[in-house]
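Below you will find one chain, with nothing else, as structure tokens; this is the form predicted on its own, and questions on how it binds or moves follow later.
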């Protein structure tokens, strides 16, 4: 009889005290994983702010975080390409238009092929290919910006190119972490 009351007391304690805290504990666990992961990337603040606003729910894994940052990188590259195309349509200076055309030529394959293929490769656990594709995407953003710095035209894309490049660096770092974890499980 005593064991029945004891079990009932534990059940009630869990129901009243522990159960309402479960979502908070899961969110805290998710936040800790984000901080721990992002601390190992080249841009921890960017990583934390990007993932914190998009990593919802409990049970988030490092694999999930990599997927989130990859999709954010693709979204930012796509947004940058759209911005470049809008600037091309408004450009009155031929040199600015030429530089924007050059950048569009760099971003089009990144948005249509490189990053989508890197995401597919990541989801198939082809981490080396995924790293290569994401790294190449970051290089293209840097190349676009470098083209402006070598001209006398001020870049209207500086912040956007920097963001895409830094997101690529963060994504590569997290992919490497996932790869290491998966390799250690073998």
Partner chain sequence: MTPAKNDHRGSDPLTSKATSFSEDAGRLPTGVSQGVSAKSYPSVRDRLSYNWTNAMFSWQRTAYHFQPEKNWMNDPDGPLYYMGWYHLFYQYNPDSAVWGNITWGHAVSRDLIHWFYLPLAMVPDRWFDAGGVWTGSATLLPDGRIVMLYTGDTEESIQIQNLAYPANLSDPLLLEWVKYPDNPVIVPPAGIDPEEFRDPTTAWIGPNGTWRLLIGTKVNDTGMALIYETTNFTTYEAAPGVLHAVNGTGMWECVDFYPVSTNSSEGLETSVVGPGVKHVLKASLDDLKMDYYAIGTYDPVSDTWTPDDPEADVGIGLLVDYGRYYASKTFFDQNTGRRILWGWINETDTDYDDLAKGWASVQTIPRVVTFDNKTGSNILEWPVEEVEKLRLNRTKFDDVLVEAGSVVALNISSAMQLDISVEFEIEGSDALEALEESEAIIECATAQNRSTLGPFGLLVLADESLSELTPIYFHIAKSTNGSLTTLFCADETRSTKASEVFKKVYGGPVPVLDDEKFTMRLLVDHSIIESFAQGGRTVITSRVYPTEAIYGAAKLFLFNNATGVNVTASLEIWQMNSAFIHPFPLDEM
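Residue numbers count along the first chain shown, from 1. Since we're looking at a predicted model, the values are computed, not measured.
A second form of this protein, the form predicted together with the partner chain, is not displayed here; the remarks below concern that form.
Screening 114-122, 62-70, 156-164, 44-52 for residues having heavy atoms within 4.5 Å of the partner chain in the predicted complex returns a single hit, 114-122.
Contact check for residue 148: no non-hydrogen atom falls within 4.5 Å of the partner chain in the predicted complex.
In the predicted complex, the partner chain lies farther than 4.5 Å from every heavy atom of residue 93. Contact check for residue 31: no non-hydrogen atom falls within 4.5 Å of the partner chain in the predicted complex.
Within 4.5 Å of some heavy atom of the partner chain in the predicted complex lies at least one heavy atom of residue 136.
Within 4.5 angstroms of the partner chain in the predicted complex, the stretch 120-137 places a non-hydrogen atom from each of 125, 126, 127, 128, 129, 132, 133, 136, taken in sequence order.
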